[in-house]
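Below you'll find only one chain, the form predicted on its own, shown as structure tokens.
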């Protein structure tokens, strides 16, 4: 019979200790976010996939030199450019990034002579197919300018 009352006492003691812990955390400030309803603020050094930096005059800062494409060890960057008749400079017509191959080494960003590339802060990439991770960076840059 004494074991029965001891179990009741231990259960009540455990309940009081648990309620004390619950009350202690109830009055503390909330540290969790309701993802995905609330956006996570990324650290300044976070490195997502690369993005073209928009420019007010020409749309982007890229001069289509191809340094990023040549320096990419993964071969995930494909540039297309053309030289309009009578123009002195080439014009970027396509910038494709295959993010499934990218190792986020940053050599493309470091080698760009005009600082036309930067790391994005995009962190919640999700998709069902590999094609979902092939980005047309020129199109994305134009959409951000609008």
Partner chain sequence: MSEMPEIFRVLAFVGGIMALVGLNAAFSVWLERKVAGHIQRRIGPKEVGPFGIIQSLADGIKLMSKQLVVPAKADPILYRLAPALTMITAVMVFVVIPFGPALVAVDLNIGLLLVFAIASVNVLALLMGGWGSNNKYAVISATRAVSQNVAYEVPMLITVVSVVMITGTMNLNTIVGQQQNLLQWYIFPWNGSILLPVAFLIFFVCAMAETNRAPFDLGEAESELVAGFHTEYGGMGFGLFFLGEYGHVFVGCALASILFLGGWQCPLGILPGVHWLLIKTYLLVFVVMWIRWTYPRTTLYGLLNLSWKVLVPFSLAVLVVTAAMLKVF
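Everything numeric in this text was worked out from a predicted model, so none of it was measured. Residue numbers count along the first chain shown, from 1.
One more form of this protein exists, namely the form predicted in complex with the partner chain; it is left out here, but the text below deals with it.
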Item to check | 4.5 angstroms heavy atom contact with the partner chain in the predicted complex for residue 18 | outcome: yes
Item to check | 4.5 Å heavy atom contact, residue 26 and the partner chain in the predicted complex | outcome: yes
Checklist entry - Do residue 31 and the partner chain share at least one heavy atom pair within 4.5 Å in the predicted complex? => result yes
Next on the checklist: Would you classify residue 22 as touching the partner chain in the predicted complex, given a 4.5 Å non-hydrogen atom cut-off?
Outcome noted: yes
Checklist entry - With the partner chain left out of view, which of 88, 37, 45, 41 would have a heavy atom within 4.5 Å of it in the predicted complex? => result 37
Item to check | Those residues of 99-121 which, in the predicted complex, come within 4.5 Å of the partner chain by heavy atom | outcome: none
